[in-house]
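Heads up, the chain below is alone and in the form predicted on its own; it's given as structure tokens.
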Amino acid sequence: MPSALRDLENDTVQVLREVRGRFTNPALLWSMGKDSTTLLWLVRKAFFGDVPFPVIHIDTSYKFRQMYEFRDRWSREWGLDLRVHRNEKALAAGMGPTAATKLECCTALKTNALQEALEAGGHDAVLLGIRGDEHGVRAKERVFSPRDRSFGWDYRNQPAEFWDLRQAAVDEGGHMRVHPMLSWREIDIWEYVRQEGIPVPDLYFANDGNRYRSIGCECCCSPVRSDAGTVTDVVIEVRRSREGERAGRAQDKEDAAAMEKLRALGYM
């Protein structure tokens, strides 16, 4: 394995083991995308094939069919303690991508659903596979990022993380967001996927000249033109690309500040 990938792997494993030691009831958020699946893979490496945390999937009910199939297959094969959570009240009231703005829909079906899931499970920390190079707002994050009782993110008043020294304290009623892969880049993920043979949904590979570079709800994702049919092809394409990774995500287009508003409210 190239030394740069080995260093990223070692740093991530260290954070994962630190989380297990410092929190009483952490959970891992899994979207079935390449980043959170790589994080799940690293958890299995860190704990010798075991996943010692519940794995939460926030199901908006609008994901791609291939993502549900991928979730069901690999949760069985990896023996995950999978906990699927949906905001049933909002869905029953008709919330969906055509019923409201993208900001309102993401807040109801993702952020509020996550809040319900963490409260129901009594989790004091949640691991997420976000990366700083995905979006400028995510680049403002810390590896250990506290959230208050209202789920809010005070990005103007975050604890410093000098020399990899991280604070694990949260206010009463709050929880800690942990981002072990914050320093990974998109190209690092794909090179690591190739190195380790990590499974990812077929949506990432070209079909009729298109593929998805970022996946989520089917109604809010657009494919990019591509002939990349293998992981190696994707690595080459990502190295050459000058397009943003999330250029096909509808919520980013609706409002230039949408991601900042979503994350301030507790979006993942």
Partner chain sequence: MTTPVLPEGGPTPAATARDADTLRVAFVGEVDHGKSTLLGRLLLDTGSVTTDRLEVPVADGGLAFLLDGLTEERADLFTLDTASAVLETGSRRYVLIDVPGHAELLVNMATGASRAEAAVIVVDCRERAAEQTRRHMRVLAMMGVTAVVCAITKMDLADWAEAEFHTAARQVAALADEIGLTLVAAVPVSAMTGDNVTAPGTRLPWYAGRPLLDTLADLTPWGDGGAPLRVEAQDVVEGRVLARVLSGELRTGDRLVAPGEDARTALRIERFGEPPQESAATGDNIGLVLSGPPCAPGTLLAPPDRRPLRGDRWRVRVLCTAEDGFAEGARCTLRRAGADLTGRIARVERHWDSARRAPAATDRGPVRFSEVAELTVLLDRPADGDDVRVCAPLGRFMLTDGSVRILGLGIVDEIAGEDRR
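Numbering follows the first chain given and starts at 1. Because the structure is predicted, anything quoted here is derived from the model rather than measured.
Below, we turn to the form predicted together with the partner chain, even though it does not appear here.
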| query | finding |
| --- | --- |
| is_contact(residue 99, the partner chain) in the model of the complex, heavy atom dist at most 4.5 Å | no |
| Distance check, residue 239 to the partner chain in the model of the complex, heavy atom within 4.5 Å | yes |
| 4.5 Å heavy atom contact, residue 85 to the partner chain in the model of the complex | no |
| Interface membership of residue 136, the partner chain in the model of the complex, 4.5 Å heavy atom rule | yes |
| Triple contact flag 71, 91 and 216 to the partner chain in the model of the complex, non-hydrogen atom at 4.5 angstroms | no |
| Heavy atom contact within 4.5 Å of the partner chain in the model of the complex, the stretch among 223-231, 27-35, 40-48, 197-205 | 40-48 |
| Residues within stretch 160-176 having a non-hydrogen atom within 4.5 Å of the partner chain in the model of the complex | 160, 161, 162, 163, 164, 165, 166, 167, 168, 169 |
